[in-house]
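First, one chain by itself: the form predicted on its own, in structure tokens.
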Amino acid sequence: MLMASYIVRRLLQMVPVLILVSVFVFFILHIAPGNPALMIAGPDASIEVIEEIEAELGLDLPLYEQYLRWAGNVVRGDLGRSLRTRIPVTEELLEYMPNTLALAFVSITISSILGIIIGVISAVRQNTPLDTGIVFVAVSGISAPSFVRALLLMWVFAITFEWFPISGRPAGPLFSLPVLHAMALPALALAIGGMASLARLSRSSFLEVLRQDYVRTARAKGLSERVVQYKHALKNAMLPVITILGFRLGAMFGGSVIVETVFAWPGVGRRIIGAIGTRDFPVIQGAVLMLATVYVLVNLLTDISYAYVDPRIRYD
């Protein structure tokens, strides 16, 4: 019951966060230069035609009225229609969202597994050349922007060695081998930054736990070092890592905007870039709101997972 009440409270706390996100995105878009009606009508359209399109789309209303109208529709589950394609925004986003979620899932899987393994190896081999090399690579991975990693991976593995396609997504089920093959480079471009930060955090957290009294007690009982490290210390060292995993998954949705554009991956991020170029307000607003919702839900799941990793944590 305590967990259920905690989840309900957190879900209610999501509401003002999403409202603030919607207000910020809506007003930033509408005060930016450019007229969607002009882009729909074309550069040679008359003023009368442009004004008619503005009236049809409600762009002639005051900004607060436009926002209230849009927010009221969102509450009813209607994100509006794309100004360019006239397709419902919800329908468009549901078409692109699976590709973005799959890319984020594969990326977080790669970064979490490899990051934790590399971090633990670095901690076990502390102050050795291997440890120094891992720390250097981790810092380099964190420092490089996602588009730089994407272009380097494309140049090495797609252009030079031709092991992977340069861009696009083949037809077929989402996790079929051809699709996973095409997803490999964009997923790795997203995963490298998270893998590097997780490796550094896993290393420092594991070293800190190894210095705790209960670990010394376990050693004093005559347990082997492998048992002490991987049975007694590793699980407790993972608590800070879980926090970073939640944030990294949210960051991957932001990084996917660039990576999807570089690799022409048909996800929500690439659709946002296309919508920005055409001033397609409903698509941008709906996509950002949907990604923000996924982000806060991921943070909620991260908090809930603490109780299962560490029984000492209770929510009340």
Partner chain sequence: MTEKPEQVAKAGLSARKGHWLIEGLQRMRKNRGAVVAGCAVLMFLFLAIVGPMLAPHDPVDTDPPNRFERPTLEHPFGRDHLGRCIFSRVLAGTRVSFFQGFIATGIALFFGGVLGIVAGYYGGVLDHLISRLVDVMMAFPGFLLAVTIVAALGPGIVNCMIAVGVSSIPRFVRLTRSDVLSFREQEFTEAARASGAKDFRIMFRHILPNVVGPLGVYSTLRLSTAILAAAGLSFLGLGAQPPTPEWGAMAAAGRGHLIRHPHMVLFPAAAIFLLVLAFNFLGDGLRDALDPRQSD
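Residue numbers count along the first chain shown, from 1. Values in this document were obtained by computation on a predicted structure and should not be read as measured data.
Here the subject shifts to the form predicted together with the partner chain, a form of this protein not shown in this document.
In the model of the complex, no heavy atom of residue 242 sits within 4.5 Å of the partner chain. The partner chain in the model of the complex comes within 4.5 Å of a heavy atom belonging to residue 136. Though the partner is left out of this view, residue 304 does not reach within 4.5 Å of the partner chain in the model of the complex, counting heavy atoms only. Contact check for residue 53: no non-hydrogen atom falls within 4.5 Å of the partner chain in the model of the complex. Proximity to the partner chain in the model of the complex, taken as a non-hydrogen atom within 4.5 angstroms, holds for one residue of 234, 218, 83, 154, which is 154.
When you look in the model of the complex, the only residue of 177, 171, 159, 75 with a non-hydrogen atom within 4.5 Å of the partner chain is 159. In short, of 88-96, 234-242, 196-204, 106-114 it is 196-204 that has heavy atoms within 4.5 Å of the partner chain in the model of the complex. Shown without its partner, the chain has 126, 136, 139, 140, 142, 143, 144, 145, 147, 148, 151, 154 in segment 121-154 as residues with a non-hydrogen atom within 4.5 angstroms of the partner chain in the model of the complex.
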